[in-house]
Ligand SMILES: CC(C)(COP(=O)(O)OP(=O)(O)OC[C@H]1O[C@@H](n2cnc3c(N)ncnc32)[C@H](O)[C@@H]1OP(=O)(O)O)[C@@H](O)C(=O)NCCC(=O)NCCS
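As structure tokens, one chain now follows by itself in the form predicted on its own.
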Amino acid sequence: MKEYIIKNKRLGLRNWNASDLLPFTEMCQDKEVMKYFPNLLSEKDVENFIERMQIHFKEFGFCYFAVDILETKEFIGFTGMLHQTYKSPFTPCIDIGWRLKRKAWNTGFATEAANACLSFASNHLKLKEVYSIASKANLNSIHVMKKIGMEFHSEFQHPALLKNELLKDCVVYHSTL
């Protein structure tokens, strides 16, 4: 049985486990899912990502959580929070982010999971604020940011994406909890 840290009517958010490797690798090989990321992720990249999330969770009690549909127990991606320390005017900060497989798009899952994370951040973690960052081209993520009540903060060029013309220009949204 999977142990959920956050639950709502339809979704369960949890720490990562070994059984997530294959479905997450498949998701991270989907060109549409990864459209606003610099590259597709290999199985080794995904393994490293999962390990980083497990370490972050152990240290802080949160991460980009694996997300399951409760009714079917199907893994659909991640939603959660992570410390960001790259050089920018607003870092270090705690970022809320999401990535769901295509089958889960346009279902309200991203908004539901993000709202559940904001509630968890405020009520359980006692965080005072969170940020969210996306490429200016990623209108779907920006739409989710607005739907969960985040407000525009600024624009910047992401230091890890300066050589990528499509992705380097980013927006930052902010929420006070």
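Keep in mind that this is a model prediction, so the values were computed, not measured. Start at 1 with the first residue shown and count on from there.
Another form exists, predicted in complex with the named molecule; not displayed. Remarks below refer to it.
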Name the residue from Phe57, Phe109, Phe120, Phe49 that puts a heavy atom within 4.5 Å of the named molecule in the predicted complex. Phe109
Tell me, please, which stretch of 141-149, 120-128, 49-57, 66-74 lies within 4.5 angstroms of the named molecule in the predicted complex when heavy atoms are compared? 141-149
Is the gap between Cys28 and the named molecule in the predicted complex 4.5 Å or less for some heavy atom pair? no
At 4.5 Å between heavy atoms, is Trp105 in contact with the named molecule in the predicted complex? yes
With the cut-off set at 4.5 Å between non-hydrogen atoms, does Ala116 touch the named molecule in the predicted complex? no
If we define contact as a non-hydrogen atom of the residue within 4.5 angstroms of the partner, is His153 a contact of the named molecule in the predicted complex? no
Checking a candidate spot here: are Leu82, Cys93 and His174 all in contact with the named molecule in the predicted complex (at least one heavy atom each within 4.5 Å)? no
Contacts with the named molecule in the predicted complex - residues in 37-59 whose heavy atoms fall within 4.5 Å: Phe37
